[in-house]
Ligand code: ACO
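Form predicted alone, single chain, as structure tokens, below.
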């Protein structure tokens, strides 16, 4: 018998009902539909407006849909990991709140905060529990409620992000599954993409609220350059390490941050766009939610044995790439 692999055996996404179009943003901030589309590729994004809902409520919808699709029972979940930077509260972990809301009474859980790379980090972490044989059903959730930390008077950030995400089920498989991953970070990147206040460095105060320090800050130029370099190099190194050519990869799944970043990464890898998953026009950048949303959107086009490479780049800086074979 070969090595146990952790295979994705189901995926389910969720986005809120409310759609914020570029046209509506024109009435909120000094921007235009043409400006947003040409610079980001985004046409609309979904925003969480349901009264009383938070990240865990979106996660509940994702996981319930996933369980229904796969036929798994909530009490069979051994572990639930949630990748997010916009959890319900600073503590407790949103993963445990989701587990409680779906009835996963036998699981333990924790959150991973790696910004846009969070889903990749969580996927590799969850896979280790399956590969060891200690856990049979592991749920990985990637989601964010970015509207909760956006300044809608800042046109450089508020047009980019949306709310949503997805969840996958990991189970043991001796043929298909997660084959390899390269995960990286560089703490110096904290200077270019962050939320300044709310932590122990700048605890919440009237002054931090007045200064709008609880919103996303991004210095776009260095982030763009680092994102292109990070994702391109991670994918290249991953392919080389596994003796794969780009022609052997069925799908490239890049983090949906900006269409120019996606196109530049594909160009540097010489990878055809018809095999690149792209849905940024519908959802914007949902941070830890973009990769599972792509898999959910393209699920009907996937078949068992497809070779897939996921790659992401996020604040911190964090980045990486994961190579997997699709299991169904």
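Positions refer to the first chain, counted from 1. Treat the numbers as computed from the prediction; the structure is a model and nothing was measured.
Separately, the form predicted in complex with ligand ACO exists; it is not shown, and the next lines address it.
For a residue to qualify, one of its non-hydrogen atoms must sit within 4.5 Å of ligand ACO in the predicted bound form; none of 8, 126 and 326 qualifies.
Between 173-181, 249-257, 135-143, 75-83, the stretch whose residues reach within 4.5 angstroms of ligand ACO in the predicted bound form through a non-hydrogen atom is 249-257.
Between the options 55, 47, 261, 277, the residue in contact with ligand ACO in the predicted bound form by a heavy atom within 4.5 angstroms is 261. Though ligand ACO is absent from this view, in the predicted bound form it lies within 4.5 Å of a heavy atom of just one residue from 122, 159, 235, 98, which is 159. The shortest heavy atom separation between residue 108 and ligand ACO in the predicted bound form exceeds 4.5 Å. When contacts are judged by a 4.5 Å heavy atom cut-off, residue 223 counts as touching ligand ACO in the predicted bound form. For residue 320, no non-hydrogen atom is located within 4.5 Å of ligand ACO in the predicted bound form, even though that partner is not displayed. Under a 4.5 angstroms non-hydrogen atom cutoff, ligand ACO in the predicted bound form lacks residue 13 among its neighbouring residues. Scanning 111-125 for heavy atoms within 4.5 Å of ligand ACO in the predicted bound form gives 115, 116 in sequence order.
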